[in-house]
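In the block that follows, a single chain appears as structure tokens, in the form predicted alone.
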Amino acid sequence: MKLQIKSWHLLLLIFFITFAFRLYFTFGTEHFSSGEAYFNLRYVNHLLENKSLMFYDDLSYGGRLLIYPPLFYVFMSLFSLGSVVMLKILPELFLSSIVFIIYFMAKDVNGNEYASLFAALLSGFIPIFLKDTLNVISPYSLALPILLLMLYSSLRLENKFYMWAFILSSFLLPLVHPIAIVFVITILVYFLLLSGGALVPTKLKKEAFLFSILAILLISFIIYKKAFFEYGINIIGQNIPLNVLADQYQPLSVSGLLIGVGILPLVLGCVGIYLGIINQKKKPVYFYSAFTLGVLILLSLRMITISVGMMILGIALCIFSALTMGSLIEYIKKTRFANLNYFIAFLLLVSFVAFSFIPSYTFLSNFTSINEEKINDIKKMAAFVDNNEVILGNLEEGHLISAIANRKNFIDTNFLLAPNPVKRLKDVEVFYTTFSEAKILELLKKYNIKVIYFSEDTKQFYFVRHLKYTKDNKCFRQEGNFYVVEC
């Protein structure tokens, strides 16, 4: 990792621009931006308060077992000490640090300093990457940098530093997030691409890769063994209801890639992959191509969501964008425009602003946190509900109910090992759309529900304005945006 002084300064500037951009939107809102953030906040706080991990959640689905990789929560607990400010800053710091790794990965495939710097700059402004990782407490903030460091180290295992970084990452990554499967698929695709060719990996790399795959699979099995035994091969679906699965695992589309990844990474990255495989035929090109193809395979198998897949694809395409830019710079040097270096650099910056920065800023123009009204509603509901009673909300509100009201929710998005989420999701729809009082009273008793939350989000999702069975019914007392059950 050798850098010229000027390049080092520019790379630091790119990091600070990326970090400042992320913090601007993160601290522009008081609360976190998703239920997932509050779900993870509960786990961090539980670890700090009880000095132990949470393996049984008595609030989720009214009470259920949990399985998850624990390292992210341990790390966030140690370094944040429960401070909400630090829990906002740390994920943005980790995710901004990706620009350093992308710079060095881009140099692997290209070698041109300025093209690699441009790739690092692009990687900080991928629209869907910003949208899905801003202002949330998410294991991806730690998992993605570790994954990229592991990929970079894989190509220089002869160096002891990188060998140890690779070994350590092989254990850490599956303890942070199941996205470790991306590395396993990358290695398998890499060997298929190089089989029978002159670029076959050395014995050292083969042994290291085998060790890493076994470590990832073993740790993953230990963590998820209960789910493996319960679901078998169907664990790929993570117990997610089919209608939710269809929304989260949509097929890729050109329009989706243009909006989510951005024009520059998509165009420059695709051209770079073509140039690298056709003309350069270097190990880094094949290795990072295997990374890109591996993500596409996981998307097609519905093992990662469309948003996560596009996020990682965007990062991979930024790496190859450096190859396109490097080839363009080399070509210009051979023409009569070779002396227009500063003008070319200006054009690149203008193109970045026009096709990456402005679209990303626009993409985030409607960026909001959980609104204050919802937070206040959930706090008020807690006063009407005992510890053994349940608050009904829509699917996305479950984690908020557990974290903010500290009461049992009816359903949330943590489906793995959840008790019959398909049936519960159908019952949620019944609660908000039926007119049958008898049916509702039966369900209220079955699930011990004390409060029905009828938020604006729920009204829009189910296309309803009123709960028909509550009209002139003494069993339900309206308190603003929720109904208290009194019979």
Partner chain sequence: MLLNAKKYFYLLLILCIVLLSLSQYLRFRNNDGFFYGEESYYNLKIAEFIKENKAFPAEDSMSYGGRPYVGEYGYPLLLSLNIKIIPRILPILLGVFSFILFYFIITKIKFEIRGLASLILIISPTFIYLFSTLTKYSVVVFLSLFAILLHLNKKHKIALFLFIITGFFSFISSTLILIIYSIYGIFKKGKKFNLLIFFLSWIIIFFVQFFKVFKIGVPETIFGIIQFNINNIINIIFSDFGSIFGFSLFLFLMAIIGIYYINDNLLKTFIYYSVLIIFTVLTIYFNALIFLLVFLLAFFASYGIYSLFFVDWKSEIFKHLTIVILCCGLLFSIVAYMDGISKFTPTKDFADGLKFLKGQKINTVVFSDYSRGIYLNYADKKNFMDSNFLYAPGVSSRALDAERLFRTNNLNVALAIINKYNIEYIWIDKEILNKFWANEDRELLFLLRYSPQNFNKVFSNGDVEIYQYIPLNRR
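Residue numbers count along the first chain shown, from 1. Keep in mind it's a predicted model, so treat the numbers as computed, not measured.
This next part talks about the form predicted together with its partner chain, which is not shown.
- For His46, no non-hydrogen atom is located within 4.5 Å of its partner chain in the predicted complex, even though that partner is not displayed.
- Among residues of the shown chain, Ile67 is not one whose heavy atoms approach its partner chain to within 4.5 Å in the predicted complex.
- Contact annotation: Asn420 falls within 4.5 Å of its partner chain in the predicted complex, judged by heavy atom distances.
- In the predicted complex, no heavy atom of Val254 sits within 4.5 Å of its partner chain.
- Of the listed positions (Tyr331, Tyr274, Phe211, Phe191), a single one reaches within 4.5 angstroms of its partner chain by any non-hydrogen atom in the predicted complex, namely Phe211.
- Between its partner chain and the residues Leu218, Leu301, Val74, Ile358, the one pair within 4.5 Å by heavy atoms in the predicted complex involves Leu218.
- The candidate site formed by Phe39, Arg42 and Ile278 is entirely out of contact with its partner chain in the predicted complex, as no residue has a non-hydrogen atom within 4.5 angstroms of it.
- Only one segment in the set 23-31, 449-457, 423-431, 46-54 has any non-hydrogen atom within 4.5 angstroms of its partner chain in the predicted complex, and it is 423-431.
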